[in-house]
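In the block that follows, a single chain appears as structure tokens, in the form predicted on its own.
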Amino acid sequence: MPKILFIHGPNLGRLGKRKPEIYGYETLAEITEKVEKAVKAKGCSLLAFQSNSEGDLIDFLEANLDAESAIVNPGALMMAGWSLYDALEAFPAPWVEVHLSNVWSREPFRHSSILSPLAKGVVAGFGTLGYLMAVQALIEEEPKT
């Protein structure tokens, strides 16, 4: 069964509580359940992970290099996570960067992601629907040859 990684960076463990007017009212557990259901319906499995530590995210990626693809919400690491950049650059499968809010409609320091050029695509501003959009894009993606 193809495995999709579902990776969340710093502060995303507090979804539903932290700035719900921006990030929504669903918890990470609720979001993961919704995404897992969509992934299973497509015949895949989901392996979810969240950490406030960049090193833990890298360890998780390195331990799962056999995954078919990944959905990554790096949080603020999108702006300065150079170690995460190196790990994602070495990740052999396609991945999608997802942000719950439209980062380009927010503070100027959020307008640039060092990770986006590595991603298959970027989804931002659609709340939790963005994760489901990423699932669809990854599952319909042609396999690498």
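Quick caveat, the model's predicted, so the values are computed rather than measured. Sequential numbering from 1, following the sequence displayed.
Quick note: we don't show the form predicted together with a small molecule, though the next part is all about it.
Contact with the small molecule in the model of the complex, defined as any heavy atom within 4.5 Å, is confined among 24-32, 113-121, 49-57, 74-82 to 74-82. V103 is the sole member of V103, A87, C44, A93 with a non-hydrogen atom within 4.5 Å of the small molecule in the model of the complex. The small molecule is not drawn, but in the model of the complex it has a heavy atom within 4.5 Å of L12. Interface residue remark: K17 is not counted as part of the site for the small molecule in the model of the complex, having no heavy atom within 4.5 Å.
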